[in-house]
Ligand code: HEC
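Below you will find one chain, with nothing else, as C-alpha cells; this is the form predicted on its own, and questions on how it binds or moves follow later.
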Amino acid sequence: MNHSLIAFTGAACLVALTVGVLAESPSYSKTYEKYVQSDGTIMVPQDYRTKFTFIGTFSVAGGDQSGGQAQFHQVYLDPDSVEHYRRTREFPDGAILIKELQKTRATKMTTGHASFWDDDAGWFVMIKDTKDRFKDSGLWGDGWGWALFDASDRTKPTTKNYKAECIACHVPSRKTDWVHVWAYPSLEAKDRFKDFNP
C-alpha cells in the first residue's frame, strides 16, 4: 500500500473538512422559527441576557433623539455571529443584534459620581437577512430586519416602516453594514472607525 497516497488523501480530507466547518454560518431557519413570525414580525429573544454575547455599550446623555433621561444602550449578538464576524468581517445571514435600552440612575458613591441601570426603556432588534425574505414588510430591507420595542411589550414592535423610523440613525455606519462595529470590542473591529461618517 502506498503510504504517501494515504497520507495525501488523509490531509486532503482534513483540509476539506476544515474548509467546510469554516464556511458554515448560523442557521437562519432556527432564527426565523424562534424570533420571526411568518409575516416577518420580529420578537425580542427572552433569553438574550444569558444566551447571547454582550459586545459593547453606548452611553447616551439625552436618552433617545427626543431628549430626556440619560440611557445606556447595551448591545448583544448571538455567539455564532460573533465568531463569524471576527473571522470574515461580515454578519452572517440570521445574525441577531439586540440593543437593550436602559434608563439610568445616578448617585454619589465611594468611587465618585456614578450612573447605573434603573429600569428597562425598550429594545431595538436587527436580524440579518441576505435573502430578501419579507419584501412586503415595512420592517425588512437593506439587508436587515429592523424593530423597536417599548419596555411594556417585547413581542410586538412599535416600528411600522424601518426607512422612516430606523435607518436614519445608521446612515453614518452604512459602510459597515449599517452597524457601528467599531464600538464593540468583542467584534475586534476598532479599525473600522475610519468608515464612520457622521
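Predicted, not measured: the structure shown is a model, and the values here were computed from it. From 1 onward, residues are counted along the sequence shown.
There is another form of this protein, the form predicted together with this ligand, and it is not shown here; the text below is about that form.
Q: Even though this ligand is not shown here, does residue 189 get within 4.5 Å of it in the predicted complex, heavy atoms only?
A: No, residue 189 sits far enough from this ligand in the predicted complex that none of its heavy atoms falls within 4.5 Å.
Q: Does this ligand come within 4.5 Å of any heavy atom of residue 85 in the predicted complex?
A: Close contact is absent here: in the predicted complex, residue 85 is far from this ligand, nothing within 4.5 Å, heavy atoms only.
Q: Might residue 142 be said to contact this ligand in the predicted complex, defining contact as any heavy atom within 4.5 Å?
A: Contact with this ligand, no.
Q: Under a 4.5 Å heavy atom criterion, is residue 77 part of the interface with this ligand in the predicted complex?
A: Although this ligand is absent here, residue 77 would stay clear of it in the predicted complex, with no heavy atoms inside 4.5 Å.
Q: Would all three of 124, 166 and 179 be in contact with this ligand in the predicted complex, where contact means some heavy atom lies within 4.5 Å?
A: Yes.
Q: With this ligand taken in the predicted complex, which residues across 132 to 167 come within 4.5 angstroms through any non-hydrogen atom?
A: In sequence order, 146, 147, 148, 159, 165, 166 come within 4.5 Å of the partner.
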